[in-house]
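Single chain ahead, by itself, as C-alpha cells, in the form predicted alone.
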C-alpha cells in the first residue's frame, strides 16, 4: 500500500519514498513491540533516523501512520501466517482425537512463541478495526470451517467424540488453548513452564470430557 493512499478508497499516490519506507518500518516494529498508545512519534522518528516533523509532513498524524501500516500488515502478511499452520493441521487425515488436539494446540503454541510482536499487532488490529475481525471470521467460515466440520464428523463416527454442537466444541478447545497461552506468554512469561506436560494435561482433560461416556451409544 502506498504511504499516501486515498482513505476514501480512491487510487493510491506514488509508491512510498525511501524516507517513508524507513518511517513505516520503524513504526511497524515499535507498534508491534510496545503497542499503539505507548509508541510516540518521537520514538518512531528516532528509530527511522528522521526529524519528528518529517512524520507529520508525510503521514499527518500517528493515527494515520498506524492505519497505513495496520491493514496491509495484518491482512496481507500476518493473517496468512497466523492461519497457515491451522490449514496444514486440518488437512491431515486424523483418526485420533488426542493426536488431533495435540497437533492443533502445539501448532498454535509454536506460532505464539515465535511471533509475540506479531500477535500484539493482530490483537490491536482486531480491537481497533472491526472490519479486520470480520475478515478473520470470514476466512474461517470460508476456508477452515468446512474441514473442521468434516474432521469432527469423522472423529465422532469413529467413537472418538461426543455428539455435541460443533460451535460449542470449538469454543471449549479455543478457551482452554487461549487461556493457557494467556497465562504462559502474557500474565506469567517469566515463570518456568513445562509446555509438554501442560499440553498433556489439557489434552487429557479435553479428551476425557469430549469422549462418549459409557452410557452413550
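Numbering follows the first chain given and starts at 1. Only a predicted model underlies this, so the values are computations on that prediction, with no experimental measurement involved. Between two forms, the rigid core is the largest collection of C-alphas that superpose within 1.5 Å.
Separately, the form predicted together with another copy of the chain exists; it is not shown, and the next lines address it.
Legend entry - Output flag, 123, 171 and 186 jointly within 4.5 Å of another copy of the chain in the model of the complex, heavy atom basis: Heavy-atom distance to another copy of the chain in the model of the complex: all three under 4.5 Å.
Inset, instruction - Flag residue 35 as yes or no: does it have a non-hydrogen atom within 4.5 angstroms of any non-hydrogen atom of another copy of the chain in the model of the complex? - result: Yes, residue 35 is a contact residue.
Inset, instruction - Please run the contact check for residue 209 against another copy of the chain in the model of the complex: heavy atoms, 4.5 angstroms, yes or no? - result: Residue 209: yes, in contact with another copy of the chain in the model of the complex.
Inset, instruction - Give a yes/no on whether residue 180 approaches another copy of the chain to within 4.5 Å in the model of the complex, heavy atoms considered. - result: Result yes; residue 180 sits at the interface with another copy of the chain in the model of the complex.
Inset, instruction - Answer for residue 140 alone: is it within 4.5 Å of another copy of the chain in the model of the complex, judged on heavy atom distances? - result: Output for residue 140 is no: heavy atoms all beyond 4.5 Å of another copy of the chain.
Inset, instruction - Consider the chain as shown here, without its partner, and state which of 151, 176, 28, 161 has a heavy atom within 4.5 Å of another copy of the chain in the model of the complex. - result: Among 151, 176, 28, 161, a heavy atom within 4.5 Å of another copy of the chain in the model of the complex occurs only for 176.
Inset, instruction - Could you list the residues in 121-155 that come within 4.5 Å of another copy of the chain in the model of the complex, counting only heavy atoms and keeping sequence order? - result: Result: 123, 124, 126, 127, 128, 130, 133.
Legend entry - Core-aligned CA displacement of residue 53 at least 2 Å between the shown form and the other one: Shift of 2 Å or more: yes.
Inset, instruction - Look at residue 62 and decide if its Cα position differs by 2 Å or more between the shown form and the other one after superposing on the rigid core. - result: Comparing the forms between the shown form and the other one, which are aligned on their rigid core, residue 62 does shift its C-alpha by 2 Å or more.
Inset, instruction - Using a rigid core alignment, state whether the CA of residue 144 is displaced by 2 Å or more between the shown form and the other one. - result: No, the C-alpha moves less than 2 Å.
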